[in-house]
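Read on for two forms of one protein chain; each stands alone as structure tokens, with the labels structure 1 and structure 2.
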Structure 1
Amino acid sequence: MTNIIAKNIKRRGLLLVLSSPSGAGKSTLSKLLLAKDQNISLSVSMTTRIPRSSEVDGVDYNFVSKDEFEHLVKQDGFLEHAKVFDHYYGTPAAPVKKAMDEGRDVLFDIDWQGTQQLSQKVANDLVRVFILPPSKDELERRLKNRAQDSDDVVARRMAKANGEISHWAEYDYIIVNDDLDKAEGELFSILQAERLKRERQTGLVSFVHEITGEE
């Protein structure tokens, strides 16, 4: 019954941000959440980095040249953008605005710099989740197992992990990704609870009037 009510009441879309050091399981958790819930879609970032073998242009990222990226920066076309690991990454503003106007939720896989920029621009609609690995050794093991990046890249990502982790306290929720099923359940619970927040359910006033029969 609760679900039926939640579906019928008009609500504002929310922006769910996931950040973590590389290798903490953020991409896997994003994919699981997107597969499980049809009402949230991924904000496909633009990047100047080279695609990995498993990545599809337009699905994982929009892969662009530095010139194309800078052109959109000049046009003020990004909601946020940052330099991460020597490459540029940014969130194109137009698709996010469209989703929010339609009352749909958007998932962001972005770093702490982008999260800070979004916090300035869209604070009320933002839900920030930070994913921590269970240990440093496990983080390194996962980065190596990914086998998509060279040893040099893995070493640089490990070296940067502490910098990313140092921003954990700027987030609303922290998930320690020790067990993927558990972490997925926790992430889904956060999304469900945030959707039910009173201020996001913009249709509540008329709904309650219908129940009570009073204006």
Structure 2
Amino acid sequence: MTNIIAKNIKRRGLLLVLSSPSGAGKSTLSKLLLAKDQNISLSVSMTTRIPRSSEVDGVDYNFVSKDEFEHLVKQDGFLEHAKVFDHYYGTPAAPVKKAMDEGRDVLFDIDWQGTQQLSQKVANDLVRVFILPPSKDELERRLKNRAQDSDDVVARRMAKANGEISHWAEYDYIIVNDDLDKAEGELFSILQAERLKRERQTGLVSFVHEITGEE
């Protein structure tokens, strides 16, 4: 019996974006995917706000001064950035580009506004996935059951949900998270299929030449 040795073909990494209304399961699916696949990592945003006691610099966020942040903005050093209340948040371009050049994928847990900015900068490398709840009642139930927010905050999140969901058509894939195991499987299948796209496998030409013996 002949042993077949799998060959790793060089490829360019991709940017996988997950967006959803709060409570639809985006963060849970992100954690499951990161635990399952070692070749994708979560993008670490930069922010000007002060770290909370539980947060680690370089892991949860890269914490910088307002001057440092604004300097990077002037240098066009962000893939996307925004001001939220009194603080700035953004995705530095350099580490993301380095990961893609090395064939590693980057996961983004961001909203539709950040996704639109990414689309303007790196559209060809972007894979956009929107997570929908099975119903509005189920979305509200999940928000209440996780017991992280007051009734007032839950009401505000529900009021905001329609506006967030209205951007679903801007995404490449839609997953209805009615069953977590099923949704996780669908997300992983999307990632695997996108990795196999011809244009992302930059080593294909030399690999095919190796098979055919052509120069």
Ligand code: 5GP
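Remember, predicted model here, so these are calculated numbers, not experimental data. The first residue in the sequence of structure 1 is number 1, and each one after it adds one. Rigid core (definition): largest C-alpha set, two forms, superposition within 1.5 Å.
Where is the form predicted alone shown, in structure 1 or in structure 2?
-> Structure 2, which is the form predicted alone, differs in this respect from structure 1.
May I ask which of Leu42, Ser166, Glu68, Gln113 lies at the hinge separating the two rigid parts between the two structures?
-> Selected hinge residue from the list: Leu42.
Treating the chain as two rigid parts, note the angle in degrees by which the smaller turns against the larger between the two structures.
-> Turning angle of the smaller rigid part: 25 degrees.
Superposing on the core, what C-alpha displacement does Gly90 show between the two structures, in angstrom?
-> Superposing on the rigid core gives a C-alpha shift of 3.0 Å for Gly90.
What Cα shift, in Å, does Ser53 show between the two structures once the core is superposed?
-> Comparing between the two structures after core fitting, Ser53 shifts 9.9 Å at its C-alpha.
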